[in-house]
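Below sits a lone chain in structure tokens, taken as the form predicted alone.
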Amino acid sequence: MCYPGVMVRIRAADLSDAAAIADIQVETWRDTYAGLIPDRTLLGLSRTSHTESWRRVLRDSRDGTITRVAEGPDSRVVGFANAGCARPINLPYDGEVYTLYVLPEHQGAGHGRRLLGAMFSALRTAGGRSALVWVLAGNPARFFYEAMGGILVATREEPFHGVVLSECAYGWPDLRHHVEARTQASGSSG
């Protein structure tokens, strides 16, 4: 889908992006997960501790972790995604998108689509053939992953801060086809 007048720039994240990434994570968690995870958890989110965590991730990305940011027309970071090797589970996927968040006021402008495509391209460049993403079953973002061609491949129940959360995994068994289709659909536009 084309969004006239919206410039989307995806680039590799660096240490200077840690605070912006933390802000996006805290804001989107509070917006998206209200009613899905305990209020005390959302209220207890700390931009300071998240910034430090993201500094570590960005500094120590030698483990193959990939982080990209989406910038709006004013070069402000409005979204980010993080991916790497699939965490150990019994599913036949070698890559995993760990996080993908876009500020609520910038959703629907193509940032999430471009970030997911960038993750798939980066995983493919690193030798990955397939990928999955876990999403809370009650999170409306699951429809985004379905629209992006994700196939529901697993569900699980996970304890989290005193509650049990239902999660769904969406998988893309062949990144090559997804990356090629994305390239043909988007051309060289930004």
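This structure is a prediction, so every number in the text was calculated from the model and none was measured. Don't overthink the numbering: it's just position in the shown sequence, from 1.
The protein also exists as the form predicted in complex with a small molecule; that form is not presented, and the subsequent description refers to it.
**Student:** Heavy atoms within 4.5 Å of the small molecule in the predicted bound form: which stretch in 66-74, 38-46, 121-129, 137-145 meets that?
**Tutor:** Comparing against the small molecule in the predicted bound form, the contact stretch is 137-145.
**Student:** Please check if Gly108 has a heavy atom lying within 4.5 Å of any heavy atom of the small molecule in the predicted bound form.
**Tutor:** Flag for Gly108 set to yes.
**Student:** Can you work out whether Tyr101 and the small molecule are in contact in the predicted bound form, taking contact to mean some heavy atom pair no more than 4.5 Å apart?
**Tutor:** The answer is yes: Tyr101 has a heavy atom within 4.5 Å of the small molecule.
**Student:** Even though the small molecule is not shown here, does Gly112 get within 4.5 Å of it in the predicted bound form, heavy atoms only?
**Tutor:** Answer yes; at least one heavy atom of Gly112 falls within 4.5 Å of the small molecule in the predicted bound form.
**Student:** Can you tell me whether Thr32 touches the small molecule? I mean in the predicted bound form, with a 4.5 angstroms heavy atom cut-off.
**Tutor:** Close contact exists here: in the predicted bound form, Thr32 approaches the small molecule to within 4.5 Å, heavy atoms only.
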